[in-house]
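The chain below stands alone and is given in structure tokens; this is the form predicted alone.
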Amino acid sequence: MALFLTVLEVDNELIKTLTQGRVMTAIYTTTSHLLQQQQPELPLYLFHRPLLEGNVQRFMAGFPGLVTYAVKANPNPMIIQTMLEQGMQAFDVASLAEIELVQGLAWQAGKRVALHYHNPIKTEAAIAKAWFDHGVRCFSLDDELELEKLKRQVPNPSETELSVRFVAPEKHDVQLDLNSKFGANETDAAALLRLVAEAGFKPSLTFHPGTQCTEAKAYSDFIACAARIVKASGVELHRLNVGGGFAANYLHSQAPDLNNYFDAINSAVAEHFDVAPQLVCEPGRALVNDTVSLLVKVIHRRKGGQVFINDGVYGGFSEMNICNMGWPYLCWRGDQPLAGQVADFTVYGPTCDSVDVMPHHLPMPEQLAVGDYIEVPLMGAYSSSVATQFNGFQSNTYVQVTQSSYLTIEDGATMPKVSGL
């Protein structure tokens, strides 16, 4: 497959603007080491680079096709740069800003990348700019109106892949069902795939089983549905994108071994397709989640077990009000872990909004005080990427801390028994 790169005059300030993120250049070995050197006043994301390197290599070694990273999960430059250095050649993007970000970082690294513009609904101006200015040759769609936009704006269909996004009739165990907003049903997808081929585009299919999909069988069901769509359309399929949804490990939501997914995908393709299509996947959460911890500071404590911290649900903890997956946390005083008798606390974020509160009481050391820190691992996905700047509070600063306080590099799947929220 051809890889595209537009040479852009992109500097570091533009990249920071696009990600709304900050990067500290110092590298620390552990959280304790960091706290010996500084006492951060702002929320701080601790990036564990070796864990990300291992996750990328596991996907590339195990998945039977092209691995693309879903940038929406975490667009921080540290994350993208590490993936480029590990050989990631393609990225799933949803906007022109993500396109410019990835291309700028790839250009700085001397890399060539393919960009899959897989937001099914796009403006015609964005389609044209992506195709002409950025060399994007992969788009998704799920209805005829989007196809008409693409036909008007793409001058050379024969070198452009259009992936029809579809939904399967089966329901699966996921945290969030992503198929209520996007995806054609089986009948409509077959008709749309036929129209894509008739218009001269490379016809492909794509799906997404849902956020934190813990059932490998979901991929088998979607692949079987894809085969039925292809048969009904009478079209020779260019590629099949099996989407994201690969689960990460949390306290309340355990992921199966990655090989379970890969085996299910291989078996389903062999069973349902006479000629196996090229495969693509677009993991996000499963690649980055365990590679970042969020360090926050206790800024106020009231009687009755109420504490205020410098981040909240308008910042890095947004997903905790949506999904109850269970995040661990560790408390620090200075550079030492804080233990002792525990009590239930109500934990508020820093904004003036009363809804800025953790959804559950947290059992933490009774002696917790202003100036102590709380470290929350498993915060690499949908944390800084969805944080707002409500009330002027920011949650976007990253620093490299080599070793995770929670997961070792050698045993990334171990789940110690610690408090969780």
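Counting begins at 1, following the sequence as shown. Keep in mind the model is a prediction, meaning the values are calculated, not measured.
The discussion below concerns the form predicted in complex with a small molecule, not included here.
- Comment: 238 to 246 is the region of 238 to 246, 224 to 232, 126 to 134, 332 to 340 lying near the small molecule in the predicted bound form, near meaning a non-hydrogen atom within 4.5 Å.
- For Asp311, no non-hydrogen atom is located within 4.5 Å of the small molecule in the predicted bound form, even though that partner is not displayed.
- Within this chain, Tyr382 lines the site of the small molecule in the predicted bound form, having a heavy atom no more than 4.5 Å away.
- Residue contact with the small molecule in the predicted bound form: Glu282 places a heavy atom within 4.5 Å of it.
- In the predicted bound form, the small molecule lies farther than 4.5 Å from every heavy atom of Leu34.
- Using a 4.5 Å cut-off to the small molecule in the predicted bound form, each of Lys72, Arg165 and Gln212 places a heavy atom inside that distance.
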